[in-house]
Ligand code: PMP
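For reference, the chain that follows is the form predicted alone, supplied as structure tokens.
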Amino acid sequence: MALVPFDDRDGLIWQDGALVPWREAKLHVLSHGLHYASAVFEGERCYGGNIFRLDAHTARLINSARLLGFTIPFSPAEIDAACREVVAANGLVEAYVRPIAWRGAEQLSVSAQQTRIHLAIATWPWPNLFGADRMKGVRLGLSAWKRPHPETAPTASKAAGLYMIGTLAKHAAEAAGFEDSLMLDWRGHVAEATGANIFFVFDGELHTPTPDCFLDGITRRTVMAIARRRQIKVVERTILPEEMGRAAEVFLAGTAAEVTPVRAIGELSFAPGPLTESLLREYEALVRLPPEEVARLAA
């Protein structure tokens, strides 16, 4: 399938308070966010016309900006309304939604006190990151890049700069024939994939790394809530690489990946199993409930 460039599409993008034609949604080449990675973003999905856990995504976007030292000049309610507006304006009911906030071009140096803060929101159709038949499972390489110490980067923020090593890790994995990469943290503990959290099934329990140096994903928390409601024990803890081989099942969870089984990590093999499939199906059903039901069941 031919790649459609993201700068040459039909549609509308919400930018700084107004809908603009897709091809006219631009920023200056000397924007601070481009040169110094002073940008934060979100990844959201719209199912049946409702953006899943929109309030949680907006809250994280605002907090991510705060961790990078700037304030987005729109309220949570305004951001929520803008996300809904751009989805509707593009005539979509099933869509991926990408809000991004960044420092502008008023000042270009390490110091950016005089920059204006911009916010844009785009949306487009984007099926599951790993395809419709993802129950067969994906294969993860092992990354040489590690998630950094939280004293070296704002690791609790969904900051653009933190995804650079994810891109490097994913490219290396793809070059080796894998779909994605498993990343360790600076201590050598299991962390996450390049854009999704990871879960392991040990003795019928759901285990996942403690998110102390990487993003505590909204899909991650949703899956944990589903599991607990089903009386499945959920354990957040340090997971060492040498433990992975005894896992009965492994899966990823994230907005783009949704719930996706893992069938290999490096030379280790896993069989996508019944617990993963049941959580995947429950997640697929949950995301299509009315927002008030989601709020009750997913928190």
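Numbers follow the displayed sequence, beginning with 1. All values derive from a computational prediction rather than experimental measurement.
Form predicted in complex with the ligand: not shown, discussed below.
K.L.:
Go through Trp145, Tyr163, Phe202, Trp124 and name the one with a heavy atom inside 4.5 Å of the ligand in the predicted bound form.
P.N.:
The option sitting close enough to the partner is Tyr163.
K.L.:
Considering non-hydrogen atoms and a 4.5 Å limit, which listed residue (Leu184, Val87, Leu119, Leu215) is close to the ligand in the predicted bound form?
P.N.:
Checked against the cut-off, the match is Leu215.
K.L.:
Answer for Thr194 alone: is it within 4.5 Å of the ligand in the predicted bound form, judged on heavy atom distances?
P.N.:
Because a heavy atom of Thr194 falls inside 4.5 Å of the ligand in the predicted bound form, the answer is yes.
K.L.:
With the partner left out of view, is Val250 within 4.5 angstroms of the ligand in the predicted bound form by any non-hydrogen atom?
P.N.:
It does not: once the ligand is placed as it appears in the predicted bound form, Val250 has no heavy atom within 4.5 Å of it.
K.L.:
Does any part of Gly254 reach within 4.5 Å of the ligand in the predicted bound form? Heavy atoms only, please.
P.N.:
Heavy-atom contact with the ligand at 4.5 Å: present for Gly254.
K.L.:
Even though the ligand is not shown here, does His189 get within 4.5 Å of it in the predicted bound form, heavy atoms only?
P.N.:
Taking the distances in the predicted bound form, the answer for His189 is no, it never comes within 4.5 Å of the ligand.
K.L.:
Which among 216-224, 71-79, 102-110, 172-180 is in contact with the ligand in the predicted bound form, heavy atoms within 4.5 angstroms?
P.N.:
That would be stretch 216-224.
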